[in-house]
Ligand SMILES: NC(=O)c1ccc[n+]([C@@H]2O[C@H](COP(=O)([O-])OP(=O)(O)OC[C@H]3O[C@@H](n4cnc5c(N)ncnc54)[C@H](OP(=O)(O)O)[C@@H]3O)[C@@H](O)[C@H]2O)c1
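Below, in structure tokens: the form predicted on its own, a single chain.
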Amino acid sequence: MLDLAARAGWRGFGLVEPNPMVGCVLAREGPGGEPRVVGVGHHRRFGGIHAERDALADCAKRGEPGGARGSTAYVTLEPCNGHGKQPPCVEALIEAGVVRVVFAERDPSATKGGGSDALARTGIVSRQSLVSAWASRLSAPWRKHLATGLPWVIVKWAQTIDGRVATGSGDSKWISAEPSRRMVHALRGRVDAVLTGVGTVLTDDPLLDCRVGVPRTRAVRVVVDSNLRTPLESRLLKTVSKSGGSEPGGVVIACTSSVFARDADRVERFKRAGVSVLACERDPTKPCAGTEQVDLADLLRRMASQHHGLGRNGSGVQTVLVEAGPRLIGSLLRASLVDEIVAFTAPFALPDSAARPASESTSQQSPFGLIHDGRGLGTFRPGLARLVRGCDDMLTTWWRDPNNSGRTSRSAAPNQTE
């Protein structure tokens, strides 16, 4: 039931942010004791009704005798217990006569948390269940943003069956098939920001926008360019509105604060072209041929902050799609800043001894030694693993739970409650 609620809630991806995606299923016991679904709902749009009320409305549309009275509500996030753009879902469940609530993740917000306790005070049985990894994953970007001030970072790459993403000369067009590329465009049309490195801009001259179907949102495009090398004549900059790079679909260039101060003329030229320039802290741990590098954690924190006006309604970036080369991806992985990996594997090998892997490493120590020492990128949970419809590419996804510290494995304890 929680898996079903998660599938319903996923429909809100790209429409509900900065709110969390939430799904809800209402079920009653059938004649043979099996659960029978009487209503399914999800949070459809920012500012719209929440998943629980949407499921109750669906129950009414089905014409269920007695409505939701006596049913169990399976929700991916603890029902909210505070007023915002919508009234508390706790009140709706109580009024509807729901007798039991099972939720995947607790609401950690200070203003709307505590729904489970509020339900319990009215006699409604309410408990947390960690049995569904998908239900927990659904609200993970929102929970991470709330807890850490950082966005959910999705790294995407296309690779050959022997794990290569480009030839030795940097050529990577096209490893994945057209159906896979359409999926990437759809993902661009749902996230708050697309992040790349200046090396990719210089090599591929990409646009990084959604050009397939109708995008749900227009992601801001961010270039990690520590030393302001992005050409003013690049295709990326030619698509920018003069109204400002932080606008939906705009371009932001991230450099170090010292370069920002030192190269004021070039910063001004970018601004006249409609590009926003974001000054970030310098990363002291990664010198590169004597040049400065942006501290990636500081960049992500600035992107997520409301102070810089990025994201939907200027509320800060909550989801970031990274489409970059091995250097930037490797840096993000080593800094434990990656939350999800989306990989497309093409059914052929690349006969090039100099071909490049998805992640570049600069450490002389064995990566397995780093992981053993507790300084590795951590453990990712398996997500999807399936063929891409319309071609022979394999799609695999992996993700990390931001609240997984100290939590027992779901496979080891499927009925665990907290």
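One rule holds for the numbers: they count along the sequence shown, beginning at 1. Please read all numbers here as calculations on a predicted model, not as lab measurements.
Omitted from view is the form predicted in complex with the ligand, to which the following refers.
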Requested in this report: Could you tell me which stretch in 88-96, 153-161, 271-279, 67-75 has residues with non-hydrogen atoms within 4.5 Å of the ligand in the model of the complex?
Outcome: 153-161
Report summary line: Contact with the ligand in the model of the complex, heavy atom within 4.5 Å, among 267, 198, 140, 240 goes to 198
Query raised in the report: Which listed residue (224, 135, 80, 300) meets the criterion of a heavy atom within 4.5 Å of the ligand in the model of the complex?
Result: 224
**Report entry** Check all three, 296, 331 and 356, heavy atom within 4.5 Å of the ligand in the model of the complex
**Finding:** yes
Report task. Mark residue 189 yes when one of its heavy atoms lies within 4.5 Å of a heavy atom of the ligand in the model of the complex, and no otherwise. Result -> no
Query raised in the report: Are any of the heavy atoms in residue 203 no more than 4.5 Å from a heavy atom of the ligand in the model of the complex?
Result: yes
Requested in this report: State yes or no: in the model of the complex, is some non-hydrogen atom of residue 247 no more than 4.5 angstroms from a non-hydrogen atom of the ligand?
Outcome: no
Query raised in the report: Is residue 194 one of the residues lying within 4.5 Å of the ligand in the model of the complex, judged by heavy atom distances?
Result: no
Report summary line: Those residues of 303-338 with a non-hydrogen atom no more than 4.5 Å from the ligand in the model of the complex are 323, 324, 325, 326, 327, 328, 331
